[in-house]
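Take a look at this single chain, the form predicted alone, given in structure tokens.
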């Protein structure tokens, strides 16, 4: 126990000591800004205090920031719970409300009053009430020499005890997350609101303008926003959906600045970044960009080409596959940019130089680093095969459905046959909505493309005998294999699947082996479990242990470096300045785009670059209202804030804490910031809040929403933060 506490105090002291790193790198915990960042932030131009950002005694900026659905960020912008996030964050909800007759994806949607706002079952908005460090409690009882299994078991017991004993209200929840590879732990007290309704969204020709061609690119001209509203019970507490619920009265909401941005303006992005790995060793970086990224890109490249061909020919398929295509393309293009960014900035060479310096400063830790790099080399072939398998079963929906069915059958064996009826119902309820957006011809074409890649690139010894036998029976030809699967399998429609499962458990268990789709999945699944996942997982405990020790060692010996925790979907703030960049020789990018650029890209009838007639008319008449500047309409801008996935929808804030934009992307050259941030080219992309207001007001005519907002001019007159009414 004493060793655990000693380690905790050492790491804590080191955490507060190192304050001299890059001014724009880092994803910082808001409750520690006073100790770690406030002085630097003010030197860069911030006009408010750390207490205005995170405060337990009064409303502060953190009370306006929510985790939107657990996958994006949103912010409260009115005293009536109005929530702003990205169009692509709200995309699935918008799609679910869309049909041929009411195509909100193509035409947009604007509720004229609160009664017209659309409920979204399952969508949540999570607020952070407070953040506390619980490292001593979590590490209690740990000692050197414990195996990773023993250590994790002790940690899990401590976590359960902390959660059970934590004083909270019945409507609050407790989340505890590890930081610095498990060297520190923080507790988050949350309130999860479960009634979130769609208020307004521009058509995809604005909210998704540029679509996949412009994704991750700069210059950008996308009005990537959508508006929701958080509802609560009449006591203002979280409640399940009810027509009797009322708009949330927030502790704080964000004022909106109409003054715009200029080069070198201080900016902050506040949100829930998903995952970064900034402290990996060199072999892990090599594995990522030289092997894993190329594997995943090849699979998604093939799937996207197939789906795009169908979407361009069929309007119904376009609606069915819109969200899936966007999700698939997003990561695909990011991985391409990550590979290019690492090469362009010499990321691997920089990491090797860092490691050489680490060895010089701490020769005693050199063996630790060598062992960690060696483990990543050993794990590499399994990691790549794992990615091929994951991409295959993700992008071929029949295999995805089949995999879930096999899991349900396995659960039945474990829990007892008497549970089959309930487990079957849960499975069917889960897949039913997925089948509504499923097309058998599309999926078959995707399977043809991806099965060929999988059986070509994954070693046969890793595929396993069962799957390879099915492949041999099909003459190693994906068209033959899919011919059987998609003509004879019960997985090709929900009706067939429902009928297939509508019999006793034993009968289903026997029939599975005769179904070609399920038989293929059984073979793939068994081979993956035995020859890919098992050896991969066998190496992971040692990697985790050494990664944790390496993290501790870096913080101990690299005394001129400031360490921030990797992103893990918890509330963080990052800060930087508005500024352009030069991605390559003779290319210089400015800080902002305007509606002129939208018109320059305009292609009539093109699903990526068409422009609505009303927007063209507003542009032709220069009818920009209070939101234009010198006859031009601002659209997007960039800054050096360190962001990642999960930051989508995060507010971009000015020096006074006012909303100036909405984070939605990164520049393509800087997507490698998840593993290798480089201030020279890493930029986040934001839609200018003035463009959001212009679309809501002048394009949509939703003046009632504008009247809900608090519009300010901070550059004309400094105004202090005020609590919500």
Ligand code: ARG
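Positions refer to the first chain, counted from 1. Source: prediction; values computed, not measured.
As for the form predicted together with the ligand, it is not shown, yet the points below apply to it.
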{"item": "The ligand: the contacting residue among 439, 330, 371, 412 in the predicted complex [heavy atom, 4.5 Å]", "value": "330"}
{"item": "Option touching the ligand, based on a heavy atom within 4.5 Å in the predicted complex, out of 489, 135, 593, 648", "value": "648"}
{"item": "Proximity to the ligand in the predicted complex (heavy atom, within 4.5 Å), stretch among 552 to 560, 142 to 150, 443 to 451, 205 to 213", "value": "205 to 213"}
{"item": "4.5 Å heavy atom contact, residue 326 and the ligand in the predicted complex", "value": "yes"}
{"item": "4.5 angstroms heavy atom contact with the ligand in the predicted complex for residue 221", "value": "no"}
{"item": "Partner proximity in the predicted complex: residue 68 to the ligand, non-hydrogen atom cutoff 4.5 Å", "value": "no"}
{"item": "Partner proximity in the predicted complex: residue 691 to the ligand, non-hydrogen atom cutoff 4.5 Å", "value": "no"}
{"item": "Stretch 64 to 94 - residues with a heavy atom within 4.5 Å of the ligand in the predicted complex", "value": "88"}
